[in-house]
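First come two forms of one protein chain, each written alone as C-alpha cells, so that there is a structure 1 and a structure 2.
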Structure 1
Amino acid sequence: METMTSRERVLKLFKGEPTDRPVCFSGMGNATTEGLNKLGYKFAHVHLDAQQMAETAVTTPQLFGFDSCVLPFDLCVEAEAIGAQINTYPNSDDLLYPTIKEKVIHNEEEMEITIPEDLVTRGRIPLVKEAIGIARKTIGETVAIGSYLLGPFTLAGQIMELNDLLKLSFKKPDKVGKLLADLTCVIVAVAKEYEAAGVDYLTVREMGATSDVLSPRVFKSLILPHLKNIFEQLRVPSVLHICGKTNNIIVPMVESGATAISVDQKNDVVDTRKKLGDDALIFGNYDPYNVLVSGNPELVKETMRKCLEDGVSAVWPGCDIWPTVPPENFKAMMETMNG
C-alpha cells in the first residue's frame, strides 16, 4: 500500500528515513517518446521551449508513477551559457540529444577563460528555471522535481576537446586545476538558480571522471577538491553520479560530501554496500537501455529486484532513460516497487 506521495518518499529517502515502498526515480533525463507523442512535441524542440520542456518532463511521473520529474534533458546548458554553441539537430528525424557544435576553448592558450558576469541570464538557464517553475505548478507538491549539472571535469570536456583535456590533466595539472576552479563557480552559480526555482534535489554528473577514463589518483588529486567545494555550497539534497567503473573510487565519491552517490550497472553494488556501510545512500544501478528499453517486462522486474537485493537505497538508472522505453517495461519497473 502506498501511503506517501512521490515527493514525500524522495525527501524522506534523502533524510535517511524509512519510506512506504522502495523509491524509484532518477536525477538524469527521463523524457519518453510516449509522453512526447501524447503532447505532439518533437524531441529536438522541447529543449528550446520552457512550456514544452516542463510539460514533457511531467509526463513521466504522470504516465508511469515515476517518483520524480527531471529537467532539462540535455547536457549542454552550462556550456552554452559560458559561450559554446549547440546543435539540436532540428532537421533529423532520429532522436538525438543536443551536442556542442563549437567549443569555447580551442587550444591550451585559451584555457584562461573569463566567466561572464551575467552568466545566469545567458543561454537557456532562464528557460530551465522557468520550466522548473511551470513543472512545479503543474504537478504541485506530489512529485519530487530534480535537475542536474555537469561536474567540473565533464563540463571542461564540453567546452574544450576532451582529448586535450585528458592529456593536459597530466602535462599541465595546474592549468587544468585553474579551469576546474573557474567552472566550479559556474556550477555553483547555476545550482543556486535552480534551487531558487524550486528543485527538490540536484544531481552532479561527473561522467568524465570514471575510472574507465581516468586513474583514481587523478580523480582524487585533480577533481575531488572541486566536487567537495560544490557540494558544500548546495542547500538541497545532492547526488554525485559517475558512470562506468566506479568501485575503486567509491570512497572518494562519498568524501565529496554529496548526500547520495549514483552508480551504473558496471558497479558491483554488493561490494560498494559492504565498503560504505548501511547508512550510505547508494542509488542505482540498472542499465537504462539494455534492460529498460530492449528488455522485456520479466527482465525488467528481475533486474529491479536484483538492484534492491544488492543493496541500493533507491532504484535509479545508470544514465538518462532512453525515450523509446516501452510503456509495459516502465510499468513493470514501477510494479516491482510494490512487491
Structure 2
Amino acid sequence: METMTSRERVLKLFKGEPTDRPVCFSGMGNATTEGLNKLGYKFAHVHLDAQQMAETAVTTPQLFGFDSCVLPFDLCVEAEAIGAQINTYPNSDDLLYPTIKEKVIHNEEEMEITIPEDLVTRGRIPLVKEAIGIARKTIGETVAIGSYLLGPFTLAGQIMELNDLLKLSFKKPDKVGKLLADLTCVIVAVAKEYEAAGVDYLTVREMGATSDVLSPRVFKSLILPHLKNIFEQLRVPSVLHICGKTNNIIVPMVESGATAISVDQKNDVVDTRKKLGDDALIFGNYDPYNVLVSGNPELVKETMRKCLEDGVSAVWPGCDIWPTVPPENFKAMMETMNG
C-alpha cells in the first residue's frame, strides 16, 4: 500500500477503509513544551492569541509526525461564552490551563439559564475559529485538523458546582434535563462554527458522565438523548470520549451516533471489542501521563503494541497529552506505528 499523508490516513479511518499503518492521533489537547520552546511562546499566552494557538498546535505533527493537529488546549471555551468568568493566568510562566473562577449558576433557582443570542461571537469562540483556519491553511492539506467540545453534562459541571449537579441528577432529573437541552443547543452552535472554520473531525468530551460516578441507567435516560441530538447535527466525523471504566456503558456510547468512541486506560478494550464487534471504531487507550510523560521509550512502545493487540482501531490517548512529554517518548510512540 502506498504511503498516505496523515490527513488521508485519518479520513480513511473514519470511513472504515484500510490505512497504510496504524493511525496515531487525538481529539484532545496535545500542545508540547518542545513546541512551545521552539516557538519561544509561553503556555499562558497561547490560549489568548489565535496565531500562537495555531502555531503551537501545528508543532506537534511537525516535530513528531503525529497524525493530527488539535486545538484549543483548554476546557473553558464554551463556559466562558455562556458567561462564566475564567482565569487564564496571563502573567504566569508555569504550565497552567485556564480555569473557571466564577460559575454561571450558583444555586438551583439559577438553573433556568438564558443562552446569549450572540453566543458564537462571545469569549474566545472567534479566536478558536481563527486558529483553526490558520492551522488549516498551514498544514491542512497533509494533517487532519481536529477540535473538541464539552458534552452537555460536563459543560453543566463547568457552569455550576459539580456536586450540586450530581445530586440533582438523581433528585430532580427533569430540571437537569432542561439544562442539558439548553447546553446541547450551545454545543451544536459552536460545533457548526468549528466546522465552518475547517475542522476534519470533532470530539465531544463528556468526561463528567463517567460511569465511575453515574449509573448506566442515569447515563441512558438523562445524558444519552442529548448526545444523540448533538451527533445527529454534526456534519464532520465525530468521536465521543468518556473517561473511566466505561465498559458498562459502551453499547449506549455507540448508540449515541458518534462515528467513533474514545476510551481511556481504565477501559477493558478486549471486552469492549467483543461487545461491539469488528466494525466499531474504538480509539484508545494509553495513559497519557503515566506512560507517555513519566515512562521511558521502551514502556511507550510496549504500551502502544498492547493497545493494538487489544483491538483499538487507532492509538489515541486517554485524555490530554500533558505538555512536558519527553520528545524521545513521543518519537518512540510514532516509531511503533511505523513498524
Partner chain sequence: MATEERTQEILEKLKNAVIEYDEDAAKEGAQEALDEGVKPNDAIFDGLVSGMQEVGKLFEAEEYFVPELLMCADALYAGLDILKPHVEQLDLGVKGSVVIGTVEGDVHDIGKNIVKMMFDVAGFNVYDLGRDVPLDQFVEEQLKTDSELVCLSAMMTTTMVGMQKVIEDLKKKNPDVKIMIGGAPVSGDIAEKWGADGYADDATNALADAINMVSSLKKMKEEAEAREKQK
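Residues that one form lacks are left out of the comparison. Think of the rigid core as the biggest set of C-alphas that the two forms share within 1.5 Å after superposition. Here the structure is a predicted model, which means the values were calculated and not measured. All residue numbers here follow the sequence of structure 1, with the first residue given the number 1.
Fill in: Assignment: the form predicted together with the partner chain
That would be structure 1, which is the form predicted together with the partner chain.
Worksheet item: Where does the chain move between structure 1 and structure 2, taking runs of at least 3 residues whose CA atoms all shift 2 Å or more after fitting the core?
Response: Moving region between structure 1 and structure 2: 89-94, nothing else.
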